[in-house]
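What follows is one chain in structure tokens, specifically the form predicted alone.
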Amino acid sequence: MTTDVVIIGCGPAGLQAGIHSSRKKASTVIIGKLQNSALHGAHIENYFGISGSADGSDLLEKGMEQALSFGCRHIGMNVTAAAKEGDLFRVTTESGEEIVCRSVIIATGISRKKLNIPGEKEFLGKGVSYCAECDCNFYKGLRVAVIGDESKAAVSSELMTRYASEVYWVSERILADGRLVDKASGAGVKIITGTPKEVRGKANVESLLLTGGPEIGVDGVFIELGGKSSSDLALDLGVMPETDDTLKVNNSFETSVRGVFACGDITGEPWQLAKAVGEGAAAGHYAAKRAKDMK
């Protein structure tokens, strides 16, 4: 599929970007899951025009309805890969669908999802990692566990089979696309249904304890929740994140790479709904303009 603008992320910034991009008559695809937004399940009391408390999930659903009504297409999946190809970009979803576009907007937020279990913080950098792609070389010939339910865990599990001697994928319930699950399983990943309870060890990670289940002997634990992180996507597209994983943008919300835009939490504080919506409007406007100028 070829389109003008691809927006990665279904939070308020991404949805507002979609509304403005499509209203400028640019063909627009929004990729992501509403439930992955930090606004999902939250209560809002400090946004213009809202009296009392508003339900974040309801706002997201209404925002999606608006974007679709203006002509946006929504793909409710995670992104597994992105690449720059000349003046164009190629974005791949977990189902394997590829979308070629003229402008990309990163609106995924920046928070790395944590398990918040004993040992996770203590062994960070000593066997606990949030990025298999970053740290895979350190685990050649060792045993690792990858924790997560979605596409990022599936892709990371398959990746680690090229380095580790044993790879366990620990998941409460697998939500990743079947194609990714089959690929991981076919590569030799051992899938274990369970809930992580504690990361154990002395100087470094030695095991992962599951609730009501076994204690798995491992040398590394990769926590890979949700989809591909914003910093990973940025690097794929040639954009170098700041030290705090935010992306630097200009007045048009364009990054250092022409055609790659960013908005919302990914651009830094304050992490507020009003900021996200405002930046989304501007990013959608300029991304659409860039795409149309290329024609």
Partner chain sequence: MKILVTELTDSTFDKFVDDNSIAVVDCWAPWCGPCVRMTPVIEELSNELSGSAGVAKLNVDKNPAISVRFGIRAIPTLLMFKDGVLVETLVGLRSKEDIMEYIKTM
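Heads up, when I say rigid core I mean the largest set of C-alphas that superpose within 1.5 Å between the two forms. No experiment lies behind these values; they were computed from the predicted model shown. Residue numbers count along the first chain shown, from 1.
Missing here is the form predicted together with its partner chain; even so, the following discussion is about that form.
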* Output flag, G76, S252 and A281 jointly within 4.5 Å of its partner chain in the model of the complex, heavy atom basis -> no
* To do: Although its partner chain is absent from this view, report whether A83 comes within 4.5 Å of it in the model of the complex, heavy atoms only.
  => no
* To do: Please run the contact check for D245 against its partner chain in the model of the complex: heavy atoms, 4.5 angstroms, yes or no?
  => yes
* Asked: With the cut-off set at 4.5 Å between non-hydrogen atoms, does A54 touch its partner chain in the model of the complex?
  -> no
* Partner proximity in the model of the complex: S231 to its partner chain, non-hydrogen atom cutoff 4.5 Å -> yes
* Asked: With its partner chain left out of view, which of K183, K126, K190, K197 would have a heavy atom within 4.5 Å of it in the model of the complex?
  -> K126
* Asked: So which of D149, D135, E215, E122 gets a non-hydrogen atom within 4.5 Å of its partner chain in the model of the complex?
  -> D135
* Which of 84 to 92, 100 to 108, 167 to 175, 127 to 135 sits within 4.5 Å of its partner chain in the model of the complex, heavy atom basis -> 127 to 135
* **Heavy atom contacts to its partner chain in the model of the complex at 4.5 Å, residues of 192 to 206 in sequence order** => N204
* To do: Indicate whether C136 shows a C-alpha shift of 2 Å or more between the shown form and the other one, with the rigid core used for the fit.
  => yes
* To do: Look at L124 and decide if its Cα position differs by 2 Å or more between the shown form and the other one after superposing on the rigid core.
  => yes
